[in-house]
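This document opens with one chain alone, in structure tokens, the form predicted alone.
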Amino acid sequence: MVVSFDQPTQTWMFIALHDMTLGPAMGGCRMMVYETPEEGLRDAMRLAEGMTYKWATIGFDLGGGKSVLAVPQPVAGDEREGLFERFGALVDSLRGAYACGPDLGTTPHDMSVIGRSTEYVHGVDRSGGEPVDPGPYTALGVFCGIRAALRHVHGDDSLGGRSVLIQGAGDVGYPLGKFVADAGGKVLVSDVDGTKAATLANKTGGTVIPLDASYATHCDVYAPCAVGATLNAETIPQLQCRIVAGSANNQLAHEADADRLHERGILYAPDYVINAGGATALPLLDSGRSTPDEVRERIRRFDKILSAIFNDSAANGVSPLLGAKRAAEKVLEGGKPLR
């Protein structure tokens, strides 16, 4: 852990480095208001672990890391830019051991501000200095994962006539809704911001679902695309779906929740695999090693990776979360990633 306190904004800055077996750590920078700094610390540690398994599963030579800015209240304007410049200096002091990208509460523009202080940041077009939005790439990965899950459960991956309840109509949920609608699926959308929910519903011919009804609403796929820990001992018994496949990090409040879903016959697409589209895109685009079309083609391979996880887990009678974790641990021990 790297811990620093930003006096001007009263912000605790945490950088968690979980495992660097495969390479230097990379993971997003999250900014949130937490009830206590300790909660921000725990969030950073848990998210960093997820990044370790993400990189191992999708076959990148990177380690698990994550950063959290635990702000006492929302920051904007010059105060926000100053915070990110100072955070960039903290990242730079690690000399490449960790590189950050956008996450919940931060934007591609924030990454360009961090880039004033360090080269170890992703999500900035090096040629023009413009920010790169990872949201559509993450949404594509989730869409491919949904199709893999549908095929595993129903024998075909058609969205025609099937419903996807998207919880969170933001940078990932919005393009995901368009992918689903374009494929003939029914879009159900729920968001704390009613305007965002209505906008996506109008764009896709979908339906807005009240927040308090989102878990108990019948759908084929529940796609959490906002905050984490929405799947827990209270909400899982309410679910009326066969598949959970979304972009949110840390969707499970506890690992035991994966078993709760498994016992109910609900197929869970491990979050750190299905939401890896943005994480895949940023280092490839930043380095100039791949074009956007080549990145999208690589993300479409998530279909095969998740299918292998679903099939192996079913054959061994375990939850997909445990199956994915075992596959990642084999890579960390020197094995080959799923293809």
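Counting begins at 1, following the sequence as shown. What you see is a predicted model; the values in this text were computed from it and never measured.
Just so it is clear, the following notes concern the form predicted together with a small molecule, a form of the same protein that is not shown.
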property: 4.5 angstroms heavy atom contact with the small molecule in the predicted bound form for residue 102; result: yes
property: Residue 167 within 4.5 Å of the small molecule in the predicted bound form, heavy atoms; result: no
property: Contact test in the predicted bound form: residue 249 vs the small molecule, heavy atoms, 4.5 Å; result: yes
property: Exercise: residue 67 in contact with the small molecule in the predicted bound form, heavy atom 4.5 Å; result: no
property: Contact segment among 236-244, 102-110, 262-270, 222-230, judged by heavy atoms lying within 4.5 Å of the small molecule in the predicted bound form; result: 102-110
property: The single option of 305, 31, 48, 279 touching the small molecule in the predicted bound form, heavy atom within 4.5 Å; result: 279
